[in-house]
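Read the single chain below, which is given as structure tokens and is the form predicted alone.
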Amino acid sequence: MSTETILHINVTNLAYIAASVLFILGLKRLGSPATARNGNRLSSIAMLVAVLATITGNDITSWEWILGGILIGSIIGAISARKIAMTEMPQLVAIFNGFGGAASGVIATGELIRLIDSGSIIPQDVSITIMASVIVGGITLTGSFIAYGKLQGLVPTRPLLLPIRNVINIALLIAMFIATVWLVIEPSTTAFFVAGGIALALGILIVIPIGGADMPVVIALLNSYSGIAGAATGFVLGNNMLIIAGSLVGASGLILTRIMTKAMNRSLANVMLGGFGVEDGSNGSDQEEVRPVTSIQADDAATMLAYAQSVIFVPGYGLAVAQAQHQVRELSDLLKEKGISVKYAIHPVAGRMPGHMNVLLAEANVPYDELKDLDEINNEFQRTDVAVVIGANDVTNPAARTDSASPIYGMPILNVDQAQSVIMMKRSMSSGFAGVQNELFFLDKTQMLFGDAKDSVEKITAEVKDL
């Protein structure tokens, strides 16, 4: 090996080390809304460095395909970032997870075909990593698209429970294992495509039985899978950067999944095996209740808030849909001018993705020290005069504590029902994404303010100014 070649390899590896450091720093800064944007920028720079180092560090015979791919991908990414609403961000993440898994599977497929066509002896460790990349990538691809379909309403959000589904899944797992062993012992495209086809089917069968309310957890897990598939592809290609980046995504996705399963009182094993959600025979009915509720108008809500000493805002998916974060901050500032204590209660899975509410409120310049997570805020509700729930549903439902038959039973919730008074802003009496009615609606202390959240908050703000 010439001195020039050694120098070239060293420069590439140094670039990979620099990119790895930037990835790690970027992930670290994503842990706080105050530094998240900077973390995104660092990670983007890291990816650019990694891509450039990989391209310049290899003998490229056809630049047209690479430049064309970069151009197309950049255009799609830029348009997606600008056009996709925050309420649809989970769907976008699901799609990107699926494409990430697909990319890993396609690369591994190409490498296997190249090795077979060249007549090379394929080492067993390479065969195993190729199969790992294709299997995990295939499950990620179809599973992510089913998750996207459920969130987008293209696929029924209720669990679709197939007859003897566990038997089918076990049979497919055994068949996939046999095909993998076959490939390792005697490499052939037949065994490879059998295992890949089974992986695609399993991605569908694992996600279909999961209820729509649990899709954010599924997306976090599939994000982890896409990283694992990428790391496996890194081993196939002998690319250290891909191994590191894939491992970071896989580990962070798994940690996020664990946080979310804890917040929703779910079992990680059940998530991974596609067995959680409502049980067999339960359809998660979303019919509206006919029990009486107390309804108020904006002027009544304004009076309650103006004469309170402490207020906690509880944002949810309804706030995101209405894009009411700026109006809520304006109302909050007005209340603080009157000497009223204001805080925000953020449930880990409020909205449709972790950090959804934090990002929206940070966009409206809500002070970070006013954003309190579940553990910080829950003991304060009983000392709070008014809790204002804006579009949050399942995460405030007292049935999670009391109704063992409920699909959300055992899920940690915000103790909104312990506040002295509750203002619940909703468009209608419809149930949350879990498909169960919120018992908070029917408490004597709860006042329902029906209508668009943005419009309702604007009306309340105008009334408070006159008091």
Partner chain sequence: MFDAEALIIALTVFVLAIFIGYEVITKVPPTLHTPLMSGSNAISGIVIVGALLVAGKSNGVTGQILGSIAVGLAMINVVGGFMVTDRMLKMFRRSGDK
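Numbering follows the first chain given and starts at 1. Treat the numbers as computed from the prediction; the structure is a model and nothing was measured. Here the rigid core means the biggest group of C-alpha atoms that line up within 1.5 Å when the two forms are laid on top of each other.
There is also a form predicted in complex with its partner chain; it is not shown, and the following applies to it.
Partner contact region in the predicted bound form: 123-131, out of 123-131, 299-307, 159-167, 389-397, criterion any non-hydrogen atom within 4.5 Å of its partner chain. Across the proposed site, I116, P187 and A195 without exception lack any heavy atom within 4.5 Å of its partner chain in the predicted bound form. In the predicted bound form, S44 approaches its partner chain with a heavy atom inside 4.5 Å. Proximity of G138 to its partner chain in the predicted bound form: non-hydrogen atoms within 4.5 Å are absent; the residue sits far from the partner. In the predicted bound form, its partner chain stays beyond 4.5 Å of every heavy atom belonging to V181. Mapping the unseen interface onto this chain, E111 counts among the residues with a heavy atom inside 4.5 Å of its partner chain in the predicted bound form.
Of the candidates Q382, S295, N365, S267, N365 is the one whose heavy atoms come within 4.5 Å of its partner chain in the predicted bound form; the others do not. Contact annotation: of the candidates V321, V106, I204, L172, the single residue with a non-hydrogen atom within 4.5 angstroms of its partner chain in the predicted bound form is V106. The single residue of 373-403 lying near its partner chain in the predicted bound form is D373, the criterion being any heavy atom within 4.5 Å. With the core superposed, Q323 shows a C-alpha displacement of at least 2 Å between this form and the one not shown. The rigid-core alignment places the CA of E88 less than 2 Å apart between this form and the one not shown.
Once both forms are fitted on their rigid core, the CA atom of R165 lies less than 2 Å apart between this form and the one not shown.
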